[in-house]
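Just the one chain here, laid out as structure tokens, in the form predicted on its own.
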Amino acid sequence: MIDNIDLSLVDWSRAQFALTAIYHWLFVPLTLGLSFILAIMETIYVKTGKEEWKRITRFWMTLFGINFAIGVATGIILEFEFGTNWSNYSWFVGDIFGAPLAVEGILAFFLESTFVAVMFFGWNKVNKKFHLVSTWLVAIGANLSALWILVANAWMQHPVGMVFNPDTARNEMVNFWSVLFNEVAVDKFLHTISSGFLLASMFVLGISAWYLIRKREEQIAKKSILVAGVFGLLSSLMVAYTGDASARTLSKVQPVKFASMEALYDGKSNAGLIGFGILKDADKKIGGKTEKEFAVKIQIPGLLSVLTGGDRNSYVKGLSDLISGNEKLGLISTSEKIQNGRYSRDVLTTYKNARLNNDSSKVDSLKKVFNDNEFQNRYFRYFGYASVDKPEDVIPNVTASFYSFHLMVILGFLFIIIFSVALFLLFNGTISKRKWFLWIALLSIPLPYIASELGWLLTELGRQPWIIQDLMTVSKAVSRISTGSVITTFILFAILFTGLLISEVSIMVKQIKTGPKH
């Protein structure tokens, strides 16, 4: 493990990874959702034989292709950063993190890239049904890529299915299925892809609204709104459902993150769900950190207890319970976790020294300790706490967590309303006359992007200081490289990604203005 790490190196490494991830995620969700919208549109074309649906499909396929190419480029850079900037993390996780990424590369990426060529260039070279199958396989491949990446990320949030090998100081996978069907992974995958479906639907709806505003391609626009409206409404309802399931899972496996996103300091029964709130500094502190309280809040009494525990009497743990401990709930304090983590680290250090000194008897006895279930459950599960200086250091930024979560939820309900109104106006034949709604739909295109980025902001900021929950802090995961090199690449990536984004937007705008080909 690293001692006396340069904190500026940690901060710049985090900034570089955040920069790459934010830009990458501007392209990915549109790919996830638009691929299925294309498959649905082409299915209608094959079933009906109407050339108009072929024209619609090819138009949206062009926009998909522009976005797809840039998304792949940023994703490759993101994966390389694990080796360049986070080599200690990559070592510590062993094959657990690498296996899902390898499967993603071998299975999903090749499935995607093989059939994407047929999808784009095979219109007049293969028969309709084979081309349709290729389009569906591209959609499935794109979302399989997301599955394996999200499985890897979910393991960082809730590490399961592994055992620590003291000989190599690495975690090793012992149950692939536990990793794959990790409850965090299931929730994260369903929530993420449904949010991608929602984003793509809003993208199609907004651009189609622009055509109606300009009185161009009205039939194509209305047919696109039909597909996007139905797909988007179903997806937005799925986002709400899976978001609720994710929050319940977080309350069990990442309770500090859950309490932070609710700004809940004092645990309680009959806890209310905050619908809207404005935070301010409180007079109280946890350790050296100032608590937050509500200057204004709107809440539904008892609903948080119902959602997390099933009834109003369920106790929802607050940050004070989690930091100071609560004997009635069987919660140990963070101070005790720090002691247990340091003990497990000392055992590992003693084991490594015994191996270096060829003290076989001590090696054998300490290896038995590592294999003992009580040691694993009581001490090693808190291994990462050995790197925590003060109990309050495990509290993430409450303000950022709270606002990210609640703004995301507010936007989620707004999307349900927008898609519902779009379908209502479409079916009663007045959507072309409702310019106010068409402008709302057009101007709403950025909102799902904001909601999606807020979701990742909550996911990553909400688990700080951990890169692997309870097992490794971010400060211990960074590579031993010069801060200057990270700053240099940060600047280069910022320029490159901004240039790619500007290029993508300008090409898309030009293509949209040109419109579908006749």
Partner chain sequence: MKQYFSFIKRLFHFYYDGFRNMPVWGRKVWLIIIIKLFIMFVILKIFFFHDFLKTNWPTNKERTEHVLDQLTNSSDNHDRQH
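Positions refer to the first chain, counted from 1. As the structure is a prediction and not an experimental result, all values here were calculated from the model.
As for the form predicted in complex with its partner chain, it is not shown, yet the points below apply to it.
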Is it the case in the model of the complex that L26, D244 and S365 each bring at least one heavy atom within 4.5 Å of its partner chain?
no
Partner contact check in the model of the complex: of 382-390, 196-204, 94-102, 271-279, the stretch with a heavy atom within 4.5 Å of its partner chain is 382-390
Would T498 show up as a contact with its partner chain in the model of the complex if we use heavy atoms at 4.5 Å?
no
Answer yes if any heavy atom of V133 is within 4.5 Å of a heavy atom of its partner chain in the model of the complex; otherwise answer no.
no
Partner contact for K297 in the model of the complex: its partner chain, 4.5 angstroms, heavy atom
no
Verify the contact flag for F375: yes if a non-hydrogen atom of it lies within 4.5 Å of a non-hydrogen atom of its partner chain in the model of the complex, no if not.
no
State the residue from V46, I40, I70, L454 whose non-hydrogen atoms include one within 4.5 Å of its partner chain in the model of the complex.
I70
Stretch 56-70 - residues with a heavy atom within 4.5 Å of its partner chain in the model of the complex
T62, G65, I66, A69, I70
